[in-house]
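One chain comes next, on its own, written out as structure tokens in the form predicted on its own.
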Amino acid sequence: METVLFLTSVEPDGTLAKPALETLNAALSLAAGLDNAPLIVGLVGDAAQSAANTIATCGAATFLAVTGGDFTSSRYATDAAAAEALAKAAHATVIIAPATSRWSRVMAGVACRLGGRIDTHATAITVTSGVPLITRWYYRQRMVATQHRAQRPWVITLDPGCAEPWNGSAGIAQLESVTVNLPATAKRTTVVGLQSPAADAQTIRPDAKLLFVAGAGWTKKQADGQIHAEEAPKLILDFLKSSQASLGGTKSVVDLSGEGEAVLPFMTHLNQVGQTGATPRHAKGLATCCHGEEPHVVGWRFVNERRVINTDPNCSWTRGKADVVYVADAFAVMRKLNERVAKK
């Protein structure tokens, strides 16, 4: 019989992040599909009791935790040791963790320590005829596969945005502590502080309802024959600030800084979406000054509603790849849009 372990970290305020709650819901569905296999919750962090209480009514058979100051911050050595200890304490055959930056870098090593196998970036976890299956995209989201493994333990990381977050009432969880004896070498890396941009300077917002994608056209000559290098950044940043949208960029626009051309100063490779960038999952998307290259289209595969501003109605982006196309000048549209948003 399978035993499912849901593994995640605790936020500093004692809560669980949205990707963790999504993964919990997927783990619950998996356990139910496996003839109500036992689901064990494994938490890592200093405020594990508070986090466990928030999901106390989820139906888990056991709540395990590795706690203490050494496990509050992300660190490979301590996270890997905690995950290994929790998996062994749970006698887990299937281990599911959110594919966040913290756990994505750790779980492959954990699978190796446990003698198991890992599949990363799963987008769905199901059960067919008593066999657990995952859905995973390959070749830059051009091919999708459904697969399973006979090797146990099987470690799976689930991409954020692929499941509904668990939503239930809080309670009092009976938390069992798992002890991890850390050698001194596991503590060599220390976190001395956190740096983050000001709220109005933040451009990457994974939970935003709208993804605003800027293409290289913003830095090229416009209808008047001029490059509007000062107006373009202001139009984009004003819209991001007022709408709280997340900013994406095509590969062509993020590469401009190395080509000696006009650039959008706030655009980095972290904003890149497409074949060699991120594959976002926002409810809506608006592409501006972009062309319809396939790499860009791939990056939008999981955006639910796609809209485009383009002066060329015959652009390949407009042919079956967008839900709504505005045949207009992006500069003119964004000026009017910013004016209307500012009034609200």
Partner chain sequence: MSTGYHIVVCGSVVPDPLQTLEPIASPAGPALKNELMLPAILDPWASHSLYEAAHLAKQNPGSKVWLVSLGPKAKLQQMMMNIAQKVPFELVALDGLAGGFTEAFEVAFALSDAIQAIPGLDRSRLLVFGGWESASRGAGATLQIIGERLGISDQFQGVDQLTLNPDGTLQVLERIEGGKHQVSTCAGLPILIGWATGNLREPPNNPQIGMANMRTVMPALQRAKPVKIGAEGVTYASVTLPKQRRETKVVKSMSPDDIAKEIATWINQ
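If you superpose the two forms and keep the largest set of C-alpha atoms that fall within 1.5 Å, you have the rigid core. Note that the coordinates shown come from a computational prediction; the quantities given were computed from them, not determined experimentally. Residue numbers count along the first chain shown, from 1.
The discussion below concerns the form predicted together with its partner chain, not included here.
- Segments offered: 86-94, 223-231, 120-128, 171-179. Contacting its partner chain in the predicted bound form at heavy atom distances within 4.5 Å is 120-128.
- Note on the partner interface in the predicted bound form: the residue among 253, 156, 82, 106 having a heavy atom within 4.5 angstroms of its partner chain is 106.
- Contact here is defined as any heavy atom lying within 4.5 Å of its partner chain in the predicted bound form, and by that definition each of 112, 150 and 307 is a contact residue.
- Looking at residue 275, you'd find a heavy atom of it within 4.5 angstroms of its partner chain in the predicted bound form.
- Though the partner is left out of this view, residue 100 does reach within 4.5 Å of its partner chain in the predicted bound form, counting heavy atoms only.
- Although the partner is absent here, residue 206 is a contact residue: one of its heavy atoms lies within 4.5 angstroms of its partner chain in the predicted bound form.
- Its partner chain in the predicted bound form comes within 4.5 Å of no heavy atom belonging to residue 265.
- Relative to the superposed rigid core, residue 145 undergoes a CA displacement smaller than 2 Å between this form and the one not shown.
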